[in-house]
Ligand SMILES: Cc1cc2nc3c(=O)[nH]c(=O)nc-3n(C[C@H](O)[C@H](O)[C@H](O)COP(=O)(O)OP(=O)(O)OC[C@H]3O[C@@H](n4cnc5c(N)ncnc54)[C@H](O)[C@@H]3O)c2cc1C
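Below you will find one chain, with nothing else, as structure tokens; this is the form predicted alone, and questions on how it binds or moves follow later.
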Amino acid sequence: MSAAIAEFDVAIVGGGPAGQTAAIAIAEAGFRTVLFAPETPPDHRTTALLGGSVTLLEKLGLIDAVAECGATMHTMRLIDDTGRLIRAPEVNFRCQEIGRDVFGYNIHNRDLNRILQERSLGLANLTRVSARVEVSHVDEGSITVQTDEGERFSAQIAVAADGARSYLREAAGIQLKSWSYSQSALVLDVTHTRPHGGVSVEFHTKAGPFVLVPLPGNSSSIVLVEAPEIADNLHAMDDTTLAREIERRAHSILGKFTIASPRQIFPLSGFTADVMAQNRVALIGEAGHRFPPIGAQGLNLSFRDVGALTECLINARRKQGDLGGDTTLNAYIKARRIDITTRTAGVDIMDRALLADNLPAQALRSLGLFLADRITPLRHLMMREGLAPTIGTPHMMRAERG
């Protein structure tokens, strides 16, 4: 064990999009920050960055690079493809209706991580460490972490951005409420012969959502939710057969499909942490919450964690408080409670409503979409709340009004 301990204000564990964005935002706010970002397996997924996430990236000076690598999304199109007795009307949410040029950008996670890494390497207040954290210990006034290479680092607060199996969350003694779904998500990219026109299409099927999200050129990312055995069968198909099956499910709205990436399959589950902070550890992203890929809410919720935590740290410094003390942690818990609870519950209800075969559930879901289609103020409210919820969006993620 090394005798020397490197001292920082904030230690962040996890080098994914949430962890790297948190490191950049917190370092830019003037805190001495260390980011532990070990190498991870290739990630072929994409992320739709919407509303407040776009605002945050603009304020961090990253949006131009994201826009260059990603595809703009102008319209969200919802199609009831359940074939049930009571079906909802098609609903189109258009960004121009609420005065926006775009809803956001869909970008490959590998490109987003590269953009964030390039930016982080140029920040004077940010130190990157490629080793893994394997030991942590809370002392009076600080938390000390040790890497698998024996180096030790201390900080007033540690940020767990190390994913669903977070070591730091477990070390802090934070418990989870978890649940599972009888669904799996097949994720891959396709090219197609017709342009998507910046339209993200979400088919609602009996098995769950089937989403086509724009990528640059005539390409889209696919998230296809099915029963686990069907998802496994799809995953095992050759490229030609799978492309034809996806095209059939998409009713050929984008023409002929060609598989353009490796496939990944994810059993669907959900959880929320009992608290988002404890014992000098604050949780962000999938260290604190997870739910099915519906409505592009996952990383956007995580970015609101980042914004809220950054603001709590700034407020603590302004009051000369302890960055990892109970006052700061409780402020962060309060700032995130309603947003995480309502988003998690909302996604869970939407997913289970698709799976429900009873007529009352079908009627309620259809009525909701019918009202969104016919009542313009309601549709606008749904768009604004989907992009940047009134309760839960940090000030730094709110678009400035002229």
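Start at 1 and count along the sequence shown; that's the residue number. Since this is a predicted model, take the numbers as computed values, not measurements.
Another form exists, predicted in complex with the named molecule; not displayed. Remarks below refer to it.
Heavy atoms within 4.5 Å of the named molecule in the predicted bound form are found in exactly one of 154-162, 246-254, 201-209, 137-145, that being 154-162.
Shown without its partner, this chain lists Thr82, Asn125, Gln297, Ser219 as candidates; in the predicted bound form, only Gln297 has a non-hydrogen atom within 4.5 angstroms of the named molecule. This chain appears without its partner; in the predicted bound form, the one residue of Gly324, Gly307, Pro214, Gly285 with a heavy atom within 4.5 Å of the named molecule is Gly285. The closest heavy atom approach of Ala185 to the named molecule in the predicted bound form falls within 4.5 Å.
Using a 4.5 angstroms threshold between heavy atoms, Gly19 counts as touching the named molecule in the predicted bound form. Contact annotation for Val13: at least one heavy atom lies within 4.5 Å of the named molecule in the predicted bound form. Residue contact check for Ala48: one or more of its heavy atoms lie within 4.5 Å of the named molecule in the predicted bound form. Residues from 91-113 that approach the named molecule in the predicted bound form with a non-hydrogen atom within 4.5 Å are limited to Asn109.
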